[in-house]
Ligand code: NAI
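One chain comes next, on its own, written out as structure tokens in the form predicted alone.
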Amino acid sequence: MDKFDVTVIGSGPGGYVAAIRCAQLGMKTAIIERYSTLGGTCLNVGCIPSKALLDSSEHYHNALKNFGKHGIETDGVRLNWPGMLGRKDDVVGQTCSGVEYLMKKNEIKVIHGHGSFETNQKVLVQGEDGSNISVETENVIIATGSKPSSIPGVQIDKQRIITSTEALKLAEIPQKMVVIGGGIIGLELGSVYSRLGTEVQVVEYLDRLIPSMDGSLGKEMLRTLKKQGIQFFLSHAVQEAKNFGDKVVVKALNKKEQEVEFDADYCLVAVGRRPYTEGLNLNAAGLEIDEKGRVPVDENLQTQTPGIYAIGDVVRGAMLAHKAEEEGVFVAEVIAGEKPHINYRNIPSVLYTWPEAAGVGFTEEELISEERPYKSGSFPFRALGRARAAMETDGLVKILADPDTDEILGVHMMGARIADLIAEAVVALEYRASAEDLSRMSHAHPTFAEAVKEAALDATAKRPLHL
């Protein structure tokens, strides 16, 4: 096999984007993927299939609960679970095929099999058929992603005690599901099944939901998802989960140290993810992992071995597909001798329940912990004409700004279409806009985006127009 300028191990969002950018910059590029389809966790068993089910379940929920209020009669609506799963699989298939097309278009060599280091410039690829291929390369980008984590006392068996991967393809709609973890993955998949009729109980160790996001969003999300029927048990420390064949039993201690027992058809373990580096034979390339299983990298995302880089979930920082993509482009341009830049503070985080939630920049809790002065402005969706017309009045926009310069420090949102609306906030932070800058921009009426303008008015001068 010919020698490559760059070889990428892993074809998730970080890996395949890195490969594309390397090819665009004129480098001879190969990508190694151990599974039969490209796209990694995100496209196959993560971001894409979960969003497909979130959308389908929301349509079903609206048909049952909300269409009548719009004057649309929907007698006889019923759920076709195999059909819903089939649509999800079609979306995944189309998306993965799109990545294959991009590899061909950019003349990237795709090698299927498990990649591991022989040396710092040689990668062994072991195929499922027992074949071995040795790939010589000038540079390597490690983009192997992550796997679901668990906690002591909870053994994932993929039968009744499951991860997000199994939750995306259950053969049946459970009557009852316990979700361990009130973060993004737990709330998204919990809301999918809740909309489909499952009794969902979320057990969370902390006293708040979505702890990685601004506290105001956690409070608002708790209130809203309770209205949708999800039950929450905060400040509960799970001790064990056991599979009894036809059900699973979860035991936890509440904040009074009293034991609380939950039984359900399934227990979804959603307590985060861990870097996946097993089988890479890192020692052969002079590499080690840190105490959290991550590959240490410098400011250029280069490891301690020159010419070997790592991106995405295997390095420090948030485990986000779009963060991995930015790092993939960054590393490709570093290898090409360019001077790219990533502002990690301006990478948004998004929760795709309905309503959605998102944030970028500093949270209020971070500013308080750093003893950094700030001012705050907010605006509720219920005061928007567009939100009332769409029956989407849950939510708010909150803007945090410097009290002296008025520079925006953070923006946090919850409501309809927030996953798209957060991009306005990212642009504002990238260009170091002030709250007044946003407040003086024209926002079309009637739209959900008007809440951004109104929150900016509240932050800069305490003078929202419609509240």
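None of these values were measured; they are calculated from a predicted model. In case it trips you up, residue 1 is the first one in the sequence shown, and so on.
There is also a form predicted together with the named molecule; it is not shown, and the following applies to it.
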query	finding
The named molecule in the model of the complex reached by all of E58, F381 and L396, non-hydrogen atom within 4.5 Å	no
Non-hydrogen atom contact A270 with the named molecule in the model of the complex at 4.5 angstroms	yes
Partner proximity in the model of the complex: K51 to the named molecule, non-hydrogen atom cutoff 4.5 Å	yes
Touches the named molecule in the model of the complex: R195 (any heavy atom, 4.5 Å)	no
Distance check, G181 to the named molecule in the model of the complex, heavy atom within 4.5 Å	yes
Single option in L217, V203, A241, V360 placed near the named molecule in the model of the complex, where near means a heavy atom within 4.5 Å	V203
Sole residue of V350, V91, I156, L367 within 4.5 Å of the named molecule in the model of the complex, by heavy atom	V350
Proximity to the named molecule in the model of the complex (heavy atom, within 4.5 Å), stretch among 102-110, 292-300, 205-213, 78-86	205-213
In the model of the complex, residues of 295-322 near the named molecule [heavy atom within 4.5 Å]	M319, L320
